[in-house]
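Heads up, what comes next is one protein chain in two forms, each shown on its own as structure tokens, labelled structure 1 and structure 2.
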Structure 1
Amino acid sequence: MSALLQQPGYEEERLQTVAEQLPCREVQAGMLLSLMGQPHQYSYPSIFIYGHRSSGKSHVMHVLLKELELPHATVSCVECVSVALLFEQVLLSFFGCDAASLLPRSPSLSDFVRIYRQRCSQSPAKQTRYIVMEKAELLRDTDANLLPALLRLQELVEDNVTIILLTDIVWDKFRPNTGCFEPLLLHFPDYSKGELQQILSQDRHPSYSAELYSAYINILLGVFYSVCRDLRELRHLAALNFSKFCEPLTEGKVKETDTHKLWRNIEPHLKKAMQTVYLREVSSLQWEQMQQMEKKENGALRGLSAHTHVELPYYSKFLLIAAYLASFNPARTDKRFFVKHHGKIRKTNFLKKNEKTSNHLLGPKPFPLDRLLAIFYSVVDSRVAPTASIFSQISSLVTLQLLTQVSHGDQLDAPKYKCAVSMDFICAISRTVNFEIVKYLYDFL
């Protein structure tokens, strides 16, 4: 395994431990190590590493730098809301806290480079210093000068320093307008199915055999692989569902070798997990409790999205229904739906759908307040006076984000709204007031 990790200047045993910690990433680690060279040699000024989430970018970097004891600073760009934090962290890990305290209150890049140079001349680098930036895509949103300056930091501070950017977005989306020092691009490919199997099988349960666990992983991948290739997510799911998988074994119903029965037991369970735990509808704690309780059927517990049911006043419900109808029906069909004696409208003419796609595909259309009220009066059976409370209910629907106001131009004169609720939600609402909404929807005629 360690055959690929060879680089003079480092101790053999350390390379060995590094290799052991990086399963299925020998090629990438070897490539990185050969690019980094020996500790005292210069390395390329900036290396850009991209690859999918949890393809081992940070892990490989971390293990390499830690085990080989190279001077490094690891900075997560999520944490660094201001550049000051970034500078402080880098100075802190290279030169200790007295260097970091030299930074003025709101430091500019110039201050950072000045202090770095000053410190660096006092304690010149015997080894290459590495600055690892995680989630580097956030650097694009900061000051426009930051990314180009970091990419040529080696030239600016005249020190043996290498910037390593880790991200899951391609370099083309980073390049600034006037160009910059191009980094060395390195790709971390995704794990294949076999590699995922190999990695996941490593954290097996001590009281069961390795074959059993790897058979379990095989079943898990069979269900989830077509949807999810994220190692962390798969690992989480594997840990959550293993106790369920072992249940027939502990009860003594099935032997370990009887994989088919085990598969039959676990497969529907995993399919349910995809709709619940995978989407975080049900938290993993709830999921574990549910498995222990047994009696309850999985998924019987209401997930997050089942909680969307909102208690609304009577007129608010009708206002929302009216808004939904106004949003998803074309205005020319209003007469047909809502006027009681609408005279003769030829059905063929009416049904001529000149819109190719339905509104439920394109999304809600904005409508004026007048139309909303007109539909509202026609769907509510009783006579409703247009009191202040009706209008305040409309604006409170907006604050609840069930409606959205489209144009902010003139609030009082002719406001326009859009309905922002889903089909299921409005069906549930209309069921509570005994209103058959599907009859009034143009798309479902």
Structure 2
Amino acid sequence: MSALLQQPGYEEERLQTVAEQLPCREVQAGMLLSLMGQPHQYSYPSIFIYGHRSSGKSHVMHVLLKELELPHATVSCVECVSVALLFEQVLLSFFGCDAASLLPRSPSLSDFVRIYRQRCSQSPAKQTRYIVMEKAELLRDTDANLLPALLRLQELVEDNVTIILLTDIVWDKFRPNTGCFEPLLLHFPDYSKGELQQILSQDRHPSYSAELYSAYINILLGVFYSVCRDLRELRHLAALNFSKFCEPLTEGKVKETDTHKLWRNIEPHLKKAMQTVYLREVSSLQWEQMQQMEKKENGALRGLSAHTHVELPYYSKFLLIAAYLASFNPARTDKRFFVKHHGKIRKTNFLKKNEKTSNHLLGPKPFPLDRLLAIFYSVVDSRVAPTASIFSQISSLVTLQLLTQVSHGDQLDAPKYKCAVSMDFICAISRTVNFEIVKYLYDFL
């Protein structure tokens, strides 16, 4: 057993179980056990644990409290949208439903302290009670007296209770201007590349050897480690792409020892998946279905990322097409493209001699809302009434960051937008509605 998890007052078998469940976090678990002390001793009133997302903070706390069977209440500050829910959850975990029912409808901090002290006198703590606050940075948006009170709750309720705050940000961004009791600080560093390799290799597929899965994780980290060090995201990517990695093995084309051939097969697939890290605009099942569809179409959609297949409502696709045309076509060309009886316009007069730079190289230009709607009603293949649904879909495209609103505050009745999608994206969207967008682009005349 690791010496880092030797702590008086706890059974060695339990500590061994804890160590096995916390790979690459033995140092932090040992420091935390030292701060917590023996179960029957008074612990420090408050401990502040911070580190980047997915660095093992919640997992270490959960394993320690569960395996060592310590009395605790875990409170998510995301779920507890009011202090009443926070107080109720703490009392419910320590003293049961009867204590939680004593809280008034809108309890104050003094109500919570009074009920806690009353119940504590009836059932005093035989060992330290722990209140774990996850996503504790949200406490900064609550009442100004709540965080200072929680940090010294041990003194207020006269009980052996310790507050443990788990957060992604540093203590300096927590400290109130009026001052408060200073907690003990414990930092969880990011996992190194070797530690990520060790942790992810434990999730190996039972049908394949540990050496093969370890080689696969090494390849995965070689691609994604520079842009993503989030353990959960990497674990998701590893599970999502492993079947593609094993395709040559299942087809009998290569052996497990042919790492170079396996790498050449998976490399373009991983580079394509790198464009969707953190986005989650498609589910894992949809991603696999798209890869199968690309394979069947003999590369018709090859080179397009999963982002180009994001699903939109029917009219939203035409709105996005209209926005792209409005951004990359000069306004003076609308009559030529979208009016059937525009008269005779000679191409020599239509094209300016000094206009040599491509609009796609200059980037999207802003356009007013009325121009967007005019182009939309021209390109859509059915009669559409100007209803509130159309305007709400424009707002949705802005929310999805497919359109960007560029109006200033003084333009109250004339909002302007820019299209924020690429040429590949709009071509993929156009194919889904059978619209040949290239014929309507000024740069491709």
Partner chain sequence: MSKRKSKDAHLPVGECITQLQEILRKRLCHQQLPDRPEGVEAQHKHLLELLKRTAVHGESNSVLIVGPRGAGKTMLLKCVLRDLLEETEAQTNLLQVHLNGLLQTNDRIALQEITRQLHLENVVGDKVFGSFAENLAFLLEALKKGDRSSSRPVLFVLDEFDLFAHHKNQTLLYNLLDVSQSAQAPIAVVGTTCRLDVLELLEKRVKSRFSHRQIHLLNNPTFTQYLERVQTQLSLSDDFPDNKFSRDWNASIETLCEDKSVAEVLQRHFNSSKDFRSMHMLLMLCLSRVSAAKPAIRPADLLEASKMCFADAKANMLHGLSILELCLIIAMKHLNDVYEGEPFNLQMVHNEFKKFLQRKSNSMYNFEQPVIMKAFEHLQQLEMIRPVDSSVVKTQREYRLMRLMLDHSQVMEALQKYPQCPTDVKQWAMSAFG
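Think of the rigid core as the biggest set of C-alphas that the two forms share within 1.5 Å after superposition. This structure is a prediction, so every number in the text was calculated from the model and none was measured. Numbers follow structure 1, counted from its first residue as 1.
The form predicted together with its partner chain is represented by structure 1; structure 2 is the other form. Once both forms are overlaid on the rigid core, the distance between the two CA positions of S396 between structures 1 and 2 is 2 angstroms or more. After superposition on the rigid core, the Cα of R14 moves by less than 2 Å between structures 1 and 2. A movement of the C-alpha atom of C419 reaching 2 angstroms or beyond is seen between structures 1 and 2 when the two forms are aligned on their rigid core. Relative to the superposed rigid core, E436 shifts its CA by 16.8 Å between structures 1 and 2.
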